[in-house]
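Below you will find one chain, with nothing else, as structure tokens; this is the form predicted on its own, and questions on how it binds or moves follow later.
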């Protein structure tokens, strides 16, 4: 059909060791996973999830999801500005805004769409969007789609941000994550906020991987450091164990996104079950404010034990624990060998990480048992030894 270039593209991806397959999950218990398509029989300990606080098995969360699905149906039925906006959505937004100390909040169908909607509403022709070099794809895609000029600054480098902020523009918007998804490191938010203030720039902070983990009651790194971004974004799919995007800001900014954020305007509203589960999980953060602290303590312990058996693991406290390997082949080999020892820790390769930066990305959860951690360390020791 004259489309041989498609097969050629796939062959080139495979030759570089970067071809991806869609794993088929046949069973999930929270801490373990059962895969199909020729995977080893039995359950594997899952180190590739984002259920940081282990709330996916909590009965209050599950019951809330079931209750809202029974009451409102399997889907919202329409876009938010038509007839898809439920009282449940608005109640969750009001609770989130109050919890974070912001004037208003907005719930979107996904975190990815939330960042697209935000940048599509606040930036455009003549503006400058400045992104951390390791920022999430949703921030990059939102910046490119909005029509603004897009530049990058060196990762977590306030001095390089200052140099980029000196460029002329109608408006300047700086986009960072508080915790980065592949390294688990934290942004110097106070210095970044100060640089933005000196240049009159807006600061957008994506707290997807800090929500529930850092700060008082799990309110994130911004709350821990006393930094107020102009727009705070996150997702319900990590610590809140559901689905959906979150935005919190001043009321006028939220209303601007409601009116101009195409990614939200033209999407069906979040499914009731997901909103109900996220709201219940948010309530648990109020009641159990020690969850994030306990998770960080476990992360510090596991990092030390992995380094002791020879794994290249950076310092940090967050539940994102990379085992740095380097090239694609060695990383795939380590992932496959760990799978043979009963652990699911997929290889992370470009373009998700830079060339030469391949790694296994371990995602620690309070749902993991002490035995799981011990078995992982022993498996890593064995695999690295030969």
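Residue numbers count along the first chain shown, from 1. None of the values given here were measured: they were computed from a predicted structure.
Beyond the structure shown, there is the form predicted in complex with a small molecule, which is absent from this document and is the topic of what follows.
Peer 1: In the predicted bound form, which of 108-116, 71-79, 218-226, 300-308 comes within 4.5 Å of the small molecule (heavy atoms)?
Peer 2: Looking at the partner contacts, the answer comes out as 108-116.
Peer 1: Identify, from the list 267, 164, 237, 156, the residue with a heavy atom within 4.5 Å of the small molecule in the predicted bound form.
Peer 2: Comparing distances to the small molecule in the predicted bound form, the residue within 4.5 Å is 237.
Peer 1: Between 136, 193, 102, 172, only one gets a heavy atom within 4.5 angstroms of the small molecule in the predicted bound form; which residue is that?
Peer 2: For this set of options, the contacting one is 136.
Peer 1: Are any of the heavy atoms in residue 208 no more than 4.5 Å from a heavy atom of the small molecule in the predicted bound form?
Peer 2: Judged by the heavy-atom cut-off of 4.5 Å, residue 208 is in contact with the small molecule in the predicted bound form.
Peer 1: Mark residue 261 yes when one of its heavy atoms lies within 4.5 Å of a heavy atom of the small molecule in the predicted bound form, and no otherwise.
Peer 2: No.
Peer 1: Residue 292: heavy atom within 4.5 Å of the small molecule in the predicted bound form?
Peer 2: No, residue 292 sits far enough from the small molecule in the predicted bound form that none of its heavy atoms falls within 4.5 Å.
Peer 1: Taking the small molecule as it sits in the predicted bound form, is residue 276 in contact with it (heavy atom to heavy atom, 4.5 Å or less)?
Peer 2: Answer no; every heavy atom of residue 276 is more than 4.5 Å from the small molecule in the predicted bound form.
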